[in-house]
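So this one's two forms of a single chain, laid out as structure tokens and tagged structure 1 and structure 2.
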Structure 1
């Protein structure tokens, strides 16, 4: 037995897990098309300077970083947004706005491996660039809701916050950007005492009040929030923005969002609304996103407001397993083509190829097994039909089709074989 194993934190996805992942990817692509997003493909390897510029200390410390053969300092992408922002400042610079961009692929972070957290994992990324309006925020939240609904999940919730509320309070109290970023990093990890320790008594009191504000309904929380932040003009404007977004989303028929005023995410580039997606069966987020109005400008582009989200496809797969969700996909009929004797193998291969040309999944029996063993193997692998090619039937332009589920069989004209299997 080989002693080689995958690198720690990397995984082999066998057939069932691979099927779930590709199913979720297909649903993400469908969702992108429904909302008018165009797919783009960016490199897995990017300049370290690009990826580390605004990602936050937590991610910067967990990137896979190396020197390429040209001596350039590069890294494996830990997320997609920096790459998409780079596109907006270069190849898409002169394109009309808004941009609706979708991307999907593997990303890499040197985290401690555990359930739902891997060093190589998959994300679907949606970025809407060019609009500062609440309508754009609402579109992304509705898209997130639609994605979870379309993969078949139930009971999920969208947790919403607004980074502008806390930013404005801290800025008005004279807290510098570096300290603010450190506070958000601690809050993201629910280390509230460590966050409070970085602040004065007044800031601590305000933040403690925000942490306590978790109402049963979003409207209730927003009203309590307005009372709590009186005197902080910038924070009031952020609450008004949050309320406008909630109103649009609710009027559009999505009422599953829950407001958490002390909610924070670890990326430094967020400027407005932020959100994460949850199901009751898992204690980890299935995805999340937020508004980042200054990132593209920071990378040398024109001032461009933007909002985006990343869906964790591996975690959505875990949620599908936890909820025992049936994958709603077209069930392709599976066929095994078996030649009775050596002389019929060429004809049997031709028949298998004809089925494939007709869009039917067909395997040819390549192990040289006896008929009984070949049928037993096909049955074990959930094959629907065995197409048995024999000398007498061939002379009559026919084959034997055996329904492995019902244990019935019939002779079928080769010309009508594909139609018979489809029916």
Structure 2
């Protein structure tokens, strides 16, 4: 019989890859704690109606959708925000504002697989609910910055936009919501010509002007932007909001590399600033987020302003590996415990157990091999010490400890074994 393979677009993470992902997850969780975000765990399987309500066509068409055995139309979550918004309208409806929620797990999108893009991928998700203030936006951007800094990445950049600018202009020019969303979908995919084609000449000219304005973050870029959108009242308010957030973030010590007023993201629910994290050198996007002030209300909750962000953990892992970032984990000594004869196996198991109780990682020789073979294997596995349990030494409460790097060995009291290995 031939062997099984993973489903196309899904993959196994082994050894270094699994270690990198669990490292990034642990750093994301640590970051959540530092910023006062409470962890919540929501299901991967959610009602299709929930997931498709405000996600946008782009994502809706790429979901894993099916009926469960009870005939419920469900899908695998393509992102976290819909689930968290569901919580805000139900279990957390009466929670005092603001509240901050963290989630981490896998999400699912039926994309064409390529390096760094899988159909099952991992996100850390942060949502801050209840505040419409620029300091809430600033906090989420600072948190994103901290996360990338704390995993050890360098040379990453943050791009900032504001969905309110284009939205206000199009609304004032009488473009309906549906067309607006279609325009944003095209802009998100950088298909600007296709976006322009949906608009009349005047709108097109304004939008083209915005696209041209994208550039390095500076007071000058913001001033040019302010000049360009003069006469569009809602857009002026959005630029003021963008400028206020930019000021707070910069004062707090975080650099924003790009401002792009024509930047859009694939999700329909954004209403304010949006941002993206990337590594220019590697041409890799690491995540992003934005403000969505209408979603909780649209889901049947109280009006609740909110901002959130998702970090792409696989991508961050790839960037870490590309930059050869050293994972900051404590190097543990590795020990293999070997019984010389059948009769010492129970005692040897007990000694291995004792080591683990003291926090030392201990493998037990489970193959029943001859001593020379077992030691050879221990060596291959980069084991630091072999603990050899023999009849004579046991009677004296001792074992033999072989230092496999230095090729030395010594008899050690069992009661002092853990200490010996740690030293």
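This structure is a prediction, so every number in the text was calculated from the model and none was measured. Residue numbers count along the first chain shown, from 1. The term rigid core refers to the maximal set of C-alpha atoms that superpose within 1.5 Å between the two forms.
The chain appears twice here, and it is structure 1 that represents the form predicted alone. After superposition on the rigid core, the Cα of residue 340 moves by 2 Å or more between structure 1 and structure 2. Positional change of residue 393 between structure 1 and structure 2 reaches 2 Å or more at the C-alpha, relative to the superposed core. For residue 404, the Cα coordinates differ by 2 angstroms or more between structure 1 and structure 2 after the core has been superposed.
Relative displacement of the residue 369 Cα between structure 1 and structure 2 on rigid core alignment is 2.4 Å.
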